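Shown below, as structure tokens, is a lone chain in the form predicted on its own; questions about how it binds or moves come after it.
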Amino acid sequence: MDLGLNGKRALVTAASRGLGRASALALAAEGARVAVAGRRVEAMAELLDELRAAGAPEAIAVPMDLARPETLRASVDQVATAFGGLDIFVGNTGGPASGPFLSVPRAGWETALNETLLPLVELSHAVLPKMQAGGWGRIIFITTVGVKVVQPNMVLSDSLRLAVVGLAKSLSIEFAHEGIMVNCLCPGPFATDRMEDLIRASMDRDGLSRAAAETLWLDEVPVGKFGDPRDFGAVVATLASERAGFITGTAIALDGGKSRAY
């Protein structure tokens, strides 16, 4: 099926690894022009080669530090100038620190707010006028299965990414009439560096073996394994496509069946 992404202009944040990287590669494979953003542009040289090899007619990297608001709009403007506009925005942020509620001080909440929610607010302010100018757009926020089912020791992620879902829902209503669809993807345990960090945190905090820590993360996942980031990227490409013009305001779980609610 032709997703109609050939030549579309996309920006993916926190794209140097994990689900952001998988999202960028999936868009490239469909012929999109892809900009990837991260703190160290030079560290993304290999990714740019992979994006071009995957099928991107053009691939660029732009500097962006999600914790530094002054870098956000400037990077969006740089992408829009290079590509002549912007059609697709995949908003990915690093995961907040894990831990139970009483272990997280106010400063931890402020850091997570400034790195998880507020960058997506600022970036949405920057990308939406570009999409309005073209009369078409797709915004996809990467959140967590924790917005569907509470994850133990993940209070920062559970809380702040619920706020991201609320942001997406509001934007979906405000901008649908302009052809701009806004959705969230809610990943469960995928085989990424972030998952590795969480497994090691479980081992250190609870004194678990690696096998026990992996079981802790998988015991509520019916498929019984960690997800393949390439499968996640395929869903991103579909939601970003022409074929997703009647999908907006949703929060879709990609979690191997972990979230049991309807």
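Position 1 is the first residue in the sequence shown; the rest follow in order. Note that the structure is a prediction, hence the values are computed from the model and not measured.
Omitted here: the form predicted together with a small molecule. The next part is about that form.
Just to be sure I understand the contacts: of 220, 231, 65, 58, which is the one whose heavy atoms reach within 4.5 angstroms of the small molecule in the predicted complex? Going through each option in turn, the one that passes is 65.
Is the small molecule close enough to 14, 143 and 190 in the predicted complex that each of the three has a heavy atom within 4.5 Å of it? Yes, the whole trio is in contact, each within 4.5 Å by some heavy atom.
Taking the shortest heavy atom distance, is residue 194 within 4.5 Å of the small molecule in the predicted complex? Because a heavy atom of residue 194 falls inside 4.5 Å of the small molecule in the predicted complex, the answer is yes.
Distance check, residue 161 to the small molecule in the predicted complex, heavy atom within 4.5 Å: Yes - in the predicted complex, heavy atoms of residue 161 and the small molecule come within 4.5 Å of each other.
Any of the heavy atoms of residue 240 lying within 4.5 Å of the small molecule in the predicted complex? So residue 240 does not count as contacting the small molecule.
With heavy atoms only and a cut-off of 4.5 Å, decide whether residue 205 touches the small molecule in the predicted complex. Residue 205: no, not in contact with the small molecule in the predicted complex.
Out of the stretches listed (102-110, 176-184, 80-88, 135-143), which one is close to the small molecule in the predicted complex, meaning heavy atoms within 4.5 Å? The contacting stretch is 135-143.
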